[in-house]
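Presented below, as C-alpha cells, is a lone chain in the form predicted on its own.
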C-alpha cells in the first residue's frame, strides 16, 4: 500500500529523506531492542539466583520460628517480638538502564547504632527464635534486591515490547509504504518525461 501524495519531484525528494530517517530509526531501535534483550536476560538470571537463595533462607527462618513457637508458645513468642529494637525505612531512588527508569532500593536504619537485632531478653526465649531472627535480618538485603530486580525485569519487558512494536511498525508498515510510494512517483515522473 502506498501513501496518497502528489507525484512531484519535491514530494519524491521529501519521501526519500523520510525513508532515510525511517531506515536509520529502524536500525537504532533494532540495536536498542537487542541491547535491552541482553540486559533483560542478565536481569532474569540474577532474579532466578536471588529467588532461590531468598526462598531457601526464608524457609529455614520459618522452620526456626515454628520450633520457637512450639517450645515457647504463641503468646510468649508474640510478646517477645512485639517491640522492635530499631526502625527500618525504605529509600527508593531511580537509575536509568537503556532509557528505562528502574528503582534502586535501600534500607535506612533508624535507632541506636549499637542496638541488638533481638528485641527481647534472652532469658525467656529460645535459640531457635534467635536463629530465625538472625536469618531474617541477614536475608533482608537480598530480599530487597530481589524486589528491585523483579521490578526492573517488569519495566524492561514493557520497554522491550514497546520497542518491538515500533521496530515492526517501521519494518512492516512505514518503510514498505515509503518504498512503494517512491517507486510509484518515480514511475509517474518517468512516464511524464517520456510523454514530453
Partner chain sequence: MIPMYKIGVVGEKDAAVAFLSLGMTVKGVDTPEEAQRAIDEMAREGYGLIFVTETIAKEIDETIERYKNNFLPAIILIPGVNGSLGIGLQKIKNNVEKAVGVDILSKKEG
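What you see is a predicted model, and the numbers here were worked out from it, not measured in a lab. Residue numbers count along the first chain shown, from 1. Rigid core here is just the name for the largest C-alpha set that superposes within 1.5 Å across the two forms.
Just so you know, the form predicted in complex with the partner chain exists too; it's not on screen, but the next bit is about it.
The candidate spot formed by 58, 62 and 155 lies fully in contact with the partner chain in the model of the complex, as each residue has a heavy atom within 4.5 Å of it. Shown alone here, residue 130 lies farther than 4.5 Å from the partner chain in the model of the complex, counting heavy atoms only. Contact check for residue 48: a non-hydrogen atom falls within 4.5 Å of the partner chain in the model of the complex.
Not displayed here, the partner chain is approached by residue 151 to within 4.5 Å at the level of heavy atoms in the model of the complex. Using a 4.5 angstroms threshold between heavy atoms, residue 161 counts as touching the partner chain in the model of the complex. Shown here without the partner chain, the chain has 37, 40, 41, 44, 45, 47, 48 in 34-50 lying with a heavy atom within 4.5 Å of that partner in the model of the complex.
After superposing the rigid core, the Cα of residue 152 is displaced by less than 2 Å between the shown form and the other one. Annotation for residue 26: C-alpha shift under 2 angstroms between the shown form and the other one, rigid core superposed.
The Cα position of residue 67 differs by 2 Å or more between the shown form and the other one after fitting on the rigid core.
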